[in-house]
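Take a look at this single chain in structure tokens; it is the form predicted on its own.
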């Protein structure tokens, strides 16, 4: 692949651009879904191709891609990219000189203890089937069970006219489990997702069978609980829900393209935007995180970027263009799902630094409140307004957990909610995540439990 990219870079066409970036990629992706004991889907998908991105007249990007790995095709894609960049440059008046990148060469691979490349189709099917069997063992009240296994092996090549040459190899494994318990017309769902950058050692701590059993047991227990009350409460947010809240309602508004377009953090650099107990960062080097990317798709190292420090907004996540507009350095947050699309500003592994509180201490200071666990997703906008579902709750009275409750929704503005945080848990948990911002992406979230005030939309007393 590098030989093809280098030949392309040596053509005369490259002299017509200020910057040329070439990306090659091969991907092998395997998926298997088991629903109620039946294998619904089992697929083996592969892709190979290259994309060329050019910057022309210090104004405009052009991009083109192909899955034809010949020199003629690569040269044509390069020429198409330059033509597209020049065509759009006529429509732009502002020139923007990108910060130069120093020459460097890198070759990095994910540490994998238990490789996946030798797995047969039968071996793959066993993984979600084991999750199903664990869930089914919980009893007849568990009416619906679905488990999906996904693995990806990516080999990415990056070459640029600035003298950057990077090869990155990564393996990722994920398992999604959902169970629905049913009784007298009442349906109670529960789910759990696990995933990491690495191999089948993902299941060393918890087997698919035990995870399936845990999820089904959670769903069954919810049948005997009632809905939580509604109103504004002092709550403890478990890492499973904190991960969703952080990514959607705080992380996206901290992406420079959304912030600079008028998002909730747009003019807040240097200002207090949360409790002083909160430090938030993005780090592509978190070992095992689904967002483990040593370098982004512009050849920039994905080093740890402090976004919020002790409540003060310090930085956004930048690609090279947004960084130039802001007179700062790029942060390594330009990522593309595959070779056929352009990089976007994305989170890698976004995290909240751990605090000083044990799980017991988080609870014992609450006179009347709730402990919210699990996530069913939701939505948020660039102003950090959000609505999310949680799977279950616990009522807290007098510093003690007194009752189990079903799930409901939380809503509010994350900036305002984060200003009410008065405790952060010591233990941080690495959670898997996915994102659909114009393109699909896998990412990580490194989160503790937090204690804050939030609006709960339950229907109980």
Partner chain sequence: MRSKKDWALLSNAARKAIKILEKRNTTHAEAFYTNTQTTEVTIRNSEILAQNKVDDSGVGFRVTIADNKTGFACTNTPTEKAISKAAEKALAIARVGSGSPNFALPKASRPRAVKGLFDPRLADMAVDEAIDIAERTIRAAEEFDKRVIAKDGRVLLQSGWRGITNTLDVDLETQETKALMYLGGAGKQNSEVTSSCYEFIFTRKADLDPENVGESVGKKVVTMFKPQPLKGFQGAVIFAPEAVSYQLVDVLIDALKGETVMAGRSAWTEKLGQIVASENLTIIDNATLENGFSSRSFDDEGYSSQTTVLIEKGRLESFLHNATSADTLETENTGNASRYAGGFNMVRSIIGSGYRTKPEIYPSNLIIKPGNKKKEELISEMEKGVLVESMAGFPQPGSGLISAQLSNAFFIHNGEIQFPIQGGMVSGIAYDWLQQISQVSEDTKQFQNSVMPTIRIEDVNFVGA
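Residue numbers count along the first chain shown, from 1. Only a predicted model underlies this, so the values are computations on that prediction, with no experimental measurement involved.
Absent from the display: the form predicted together with the partner chain. The rest refers to it.
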property	result
Sole residue of 121, 329, 109, 183 within 4.5 Å of the partner chain in the predicted complex, by heavy atom	121
Stretch from 140 to 148, 279 to 287, 204 to 212, 297 to 305 whose residues place a heavy atom within 4.5 Å of the partner chain in the predicted complex	140 to 148
Distance check, residue 5 to the partner chain in the predicted complex, heavy atom within 4.5 Å	no
Residue 199 within 4.5 Å of the partner chain in the predicted complex, heavy atoms	no
Any non-hydrogen atom of residue 269 within 4.5 angstroms of the partner chain in the predicted complex	no
Partner contact for residue 421 in the predicted complex: the partner chain, 4.5 angstroms, heavy atom	no
Contacts with the partner chain in the predicted complex, stretch 167 to 205 (heavy atom within 4.5 Å)	174, 176, 180, 182, 187, 189, 193
